[in-house]
Each structure stands twice: as C-alpha cells, then as structure tokens.
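Only one chain is shown below, in structure tokens, and it's the form predicted alone.
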Amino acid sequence: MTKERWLQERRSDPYWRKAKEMGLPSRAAFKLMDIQKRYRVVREGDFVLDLGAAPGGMTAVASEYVGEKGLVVAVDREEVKVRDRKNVVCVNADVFAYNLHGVIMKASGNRMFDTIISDLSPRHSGDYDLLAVQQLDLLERTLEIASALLKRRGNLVVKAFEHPTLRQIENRMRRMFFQYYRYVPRASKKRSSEIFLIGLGYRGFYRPREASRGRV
C-alpha cells in the first residue's frame, strides 16, 4: 500500500476522525472504551500497566477510568503523548529489557497492578505467518510480565491476531484466569484479523512455554 493510499484510508476512518476531534492520541482509545463497557476491566483507583502504549490512545482513556487516586504506567519505546496528566507515568523502554520489571515497579511506587493492557504489535512485514509468530513472542512476554506484576484477581487485556498458533496462548490464559473471553471491538478495522484476549480474575498461576523464540 502506498503512503498516499494509507493516508486516504486513515482520513476516511470514522474512529480516526473522532479521535482527532476529541483530542485523543489514537483510535485505539475506542477499543478500550468498548472493552471497558462490556467487561469493566478497569475501576476507579486502579493501578494500570499499559504495554505498547504509544501514541497513548488507551493510556488517555485508562487515566480517566482510574481517576485521581489511580495510576497508569505507560510503557513503549516510542513517545507516549499523554504526559500532562498527574496520574500517568511514562516509561521509555523495550518490553524485552532485562530490567523492565524493576523499572516498572519503581514507576508505580512498588505497587502491583490491578489491570494490565497490552496493545503490543510487531511491525507488519507483509508476511502474515511471520507476523503471527512475532505476535506470539509478544503475547508470551506479556504473560511473563503479568505473572510478575499483576495482582491476584487482576485483569489482563491483550491484542492478538487470529492464527492457529494462538491456541497455546488461549489455553494458558484459560488456566491463569477465572474467566476468559475473546472479543473484537467495534473500532477494530473490518479487514483486520485483530482480536483481544481478556482474562478476568488472575489465579496467580503461570507456566511458560518450553522453548523461547527469543526477541522480536
């Protein structure tokens, strides 16, 4: 797809236009709004960890949900454009960084998280099978982070792409959480295979896969 075609499609996207009108950093905000309305994954006063947060659409929405007594820690290698809110702390880091857990805990004041949201996604190379494998690595890393930083009974929301390899992650999440759901927000693009996996009520149980695929 050419840059001109991409820009044309973005301008014709009602969620992109609405995000711009509302001053939101990205259309991803509406995905979290939809998930929140259906599953209520975030509550007032919660501490929320937002992985792959840039440019900050979900971060902005989460900060409204948690209110003044809550906190959102937004992690990304790129700039998160939600820096003027007192209840948002931005961490510029790679999710595969060896010291990530310590950096995040410092940002939260050593408090575990009530909810973890991940909008992590690899760069699309055009090879869908490669994309699925790379996304599997990101999903696995998200589960590792959740096992270390998510409170018991906490919630997890992760972006994935439909693919046969996704079953292993889904099976693991079914064991990790009391409730598990698959959901496609209305703001997801129609031609996309994007899906969100939602775990409610962390059991405190996690078993990593036998062999690591390494970094993305």
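No experiment lies behind these values; they were computed from the predicted model shown. Numbering starts at 1 and follows the sequence shown.
Omitted here: the form predicted together with a small molecule. The next part is about that form.
Note on the partner interface in the model of the complex: the residue among Ala160, Met173, Leu149, Ala54 having a heavy atom within 4.5 angstroms of the small molecule is Ala54.
The listed set Ala93, Met112, Ala132, Ala107 contains one residue whose heavy atoms approach the small molecule in the model of the complex to within 4.5 Å, identified as Ala93. Though the partner is left out of this view, Lys86 does not reach within 4.5 Å of the small molecule in the model of the complex, counting heavy atoms only.
Among heavy atoms of Arg77, some come within 4.5 Å of the small molecule in the model of the complex. Contact between Ser63 and the small molecule in the model of the complex is not found at the 4.5 Å heavy atom cutoff. In the model of the complex, at least one heavy atom of Leu138 sits within 4.5 Å of the small molecule. Proximity to the small molecule in the model of the complex, taken as heavy atoms within 4.5 Å, picks out 26-34 from the listed stretches 26-34, 179-187, 149-157, 165-173.
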